[in-house]
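A single chain, nothing else alongside it, follows as structure tokens in the form predicted on its own.
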């Protein structure tokens, strides 16, 4: 087993006595906190970053995915990544898109730092290592383990700012749970369609904007994206994928110059395709060249679009990739 540490709450402590914690514990210290629950499992620790997860980038995910692939090819049974929970759903999904290995890759973190009562990091780490070492968890894609629950990276979201039960998967619920030290699997998501060409470390990932519709929002941001150097846009519309009429023409113009992906700001459920017919409805926008995000929320749609653009994908290839991913990810076995 190999453990990669990136920082986050799970590795945070009050190093200067000011009362505020920051990532400071190395991988050996983290593993020591969970060692009593690991039995005879052997774990090699690799320190990668020591940062809050908001500092992580898609380029970091590309770099780490290559390192994980190399190490799994060396003979490790599985891999665990520890990081902050603020971006765990996006980073894990990026690894899922980039990974080509059937071996378990598990991402975990903590909602409470090690200095708090009932700190959850040690239990989450021990559970993640056990899941990653379980042969029955092979071929399920990248997983997120938190609070004794196992989630598919494609569906999981952080849905609470502080609760130990902050992570949920709207489509399936957890695909497995940890009970009495063992993994109990209930759902087997199929492999994600391979929609990416290889992305090499050091590749420049083009800038993709994420804009959320809100009451009274205007078009100024959309109108200036090209001038600001963005290569794509994900717009989180209302409900099933709707925007105010005043945004329609600017979005139509933008979609003629770059990929514009339509997601829902609700965080759950698919973008609709043909229900509403007014100006700014999902039917209207898709007919004007916007690309459906399918089941993906805005942040995850942005990860996919960013990686596609990093490979040089055209708008037509982006359309095909989103459609293929949607079909593969939602046909649960």
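Positions refer to the first chain, counted from 1. Note that the coordinates shown come from a computational prediction; the quantities given were computed from them, not determined experimentally.
One more form of this protein, predicted together with a small molecule, exists but is not displayed; see below.
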- Could you tell me if residue 84 has a non-hydrogen atom within 4.5 Å of the small molecule in the predicted complex? yes
- Task: May I ask you to state whether residue 52 is within 4.5 Å of the small molecule in the predicted complex, using heavy atom distances?
- Result: yes
- Message: Residue-level question: is residue 110 within 4.5 Å of the small molecule in the predicted complex, judged on heavy atoms?
- Response: yes
- Item | 4.5 Å heavy atom contact, residue 177 and the small molecule in the predicted complex | no
- Message: To test your reading of this chain, name the stretch in 300-308, 31-39, 282-290, 52-60 whose heavy atoms come within 4.5 Å of the small molecule in the predicted complex.
- Response: 52-60
